[in-house]
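First, one chain by itself: the form predicted on its own, in structure tokens.
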């Protein structure tokens, strides 16, 4: 499988370097005034000067997502005559590094997590986008946090193209309002609401972290939320994605322990979680929110990413049966952070048409068609909310627009032995009461690679 994919990618790159296009080389020209502060290469593309060239891409988009991606770039291809050829695979993590190191790198690679990209940056394979993108434009069209997260080592390693939101609390809208509850906008209001629900005889929260061999991953998301809300972005970065061993913030540090204790204060408070502490580790994460839809609700709040709606009962209607609010910040010193996952596009071959396409991806226009059909959120400031075809995604995008910072899912950035291993297990052991917090944090940290 790896060999076939690498050979296919090599052939695509060879065609690209030869300037061979699979489609017509005509260009209609970009609509006047559509793009501002363009790189020289995007200007050239919009003038039709790069028509007939090919830009190869590789990434994890397959099936419906690959179709949506191709639809989202189709207009640009017509305007410029550049053929963007995307190859998607479900074996992305296994083949991306050998593909690049074999000399068969496509022009642009879509990474679903920056951690996979770091090794290729360290190897000198990745083009610094600061060398051609308009710095003023990037500052204008992205929250600074996105630019910070794109910096790996000494370069800007790519551009953020789409993302998923995690700092979301779902609630049964009709039952919530019937009970007289109001959406909290501060941590103090959230705790007061939780106390009121308990006083009324209900359970504020539904939580489940069971996921087969991956049991514990929802707890790592919660832990990341508390790290963002109780300590600095610098500490979060040094904990989740340290530049080197000297800068790493260990799990045994006071900052990490304090975040875990805040999480424990919420989850382990009497009657706060449906079923109590003992139910958390044994409840499948996809089943956890379903009691919200019981009559009366078994719980009134559930924190999870925007994908969780696919686990809601069939027929549940957004805006009627359920809605969503932002998980408030805790310490005002750390603002209103948002936890995200998403895609960063990195560049591996430096030609004018590749630069033009990368510049196009820094603009909301590159996602317009995808937003209309659903399944993506835009990190670009020039994306109007009305482009979202889903009212729910429009609401989530509005919530993210109010964030003071964003950070990537920490466990997805950490070495696999930790982020997809000891972190999952350690959180599960602590939550289930098998070990105390200090032991759990020490065991998680012990798995961090020493090299």
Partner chain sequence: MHVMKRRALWMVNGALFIIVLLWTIPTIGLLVSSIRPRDDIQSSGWWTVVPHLGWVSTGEQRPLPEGQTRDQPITIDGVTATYDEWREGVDLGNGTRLVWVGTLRLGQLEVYRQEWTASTRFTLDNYGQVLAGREYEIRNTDGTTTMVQGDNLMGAFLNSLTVTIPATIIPILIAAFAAYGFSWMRFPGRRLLFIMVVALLVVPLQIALKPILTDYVSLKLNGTYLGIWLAHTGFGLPLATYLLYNYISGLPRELLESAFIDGASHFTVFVRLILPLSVPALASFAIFQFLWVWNDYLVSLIFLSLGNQDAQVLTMRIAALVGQRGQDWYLLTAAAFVSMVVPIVVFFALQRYFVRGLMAGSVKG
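Being a predicted model, the structure only gives us computed values, none of them experimental. Residue numbers count along the first chain shown, from 1.
Just so it is clear, the following notes concern the form predicted together with the partner chain, a form of the same protein that is not shown.
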property	result
Which of 176-184, 141-149, 245-253, 222-230 sits within 4.5 Å of the partner chain in the model of the complex, heavy atom basis	176-184
Complete contact of 39, 78 and 326 with the partner chain in the model of the complex (any heavy atom, 4.5 Å)	no
In the model of the complex, the residue from 272, 285, 170, 361 that sits within 4.5 Å of the partner chain by heavy atoms	285
Among the candidates 190, 95, 330, 155, the residue which, in the model of the complex, approaches the partner chain to within 4.5 Å (heavy atoms)	95
4.5 Å heavy atom contact, residue 43 to the partner chain in the model of the complex	no
Residue 194: touches the partner chain in the model of the complex, heavy atom cutoff 4.5 angstroms	no
Partner contact for residue 31 in the model of the complex: the partner chain, 4.5 angstroms, heavy atom	no
Residue 164: touches the partner chain in the model of the complex, heavy atom cutoff 4.5 angstroms	yes
Any residue of 104-129 that, in the model of the complex, places a heavy atom within 4.5 Å of the partner chain	104
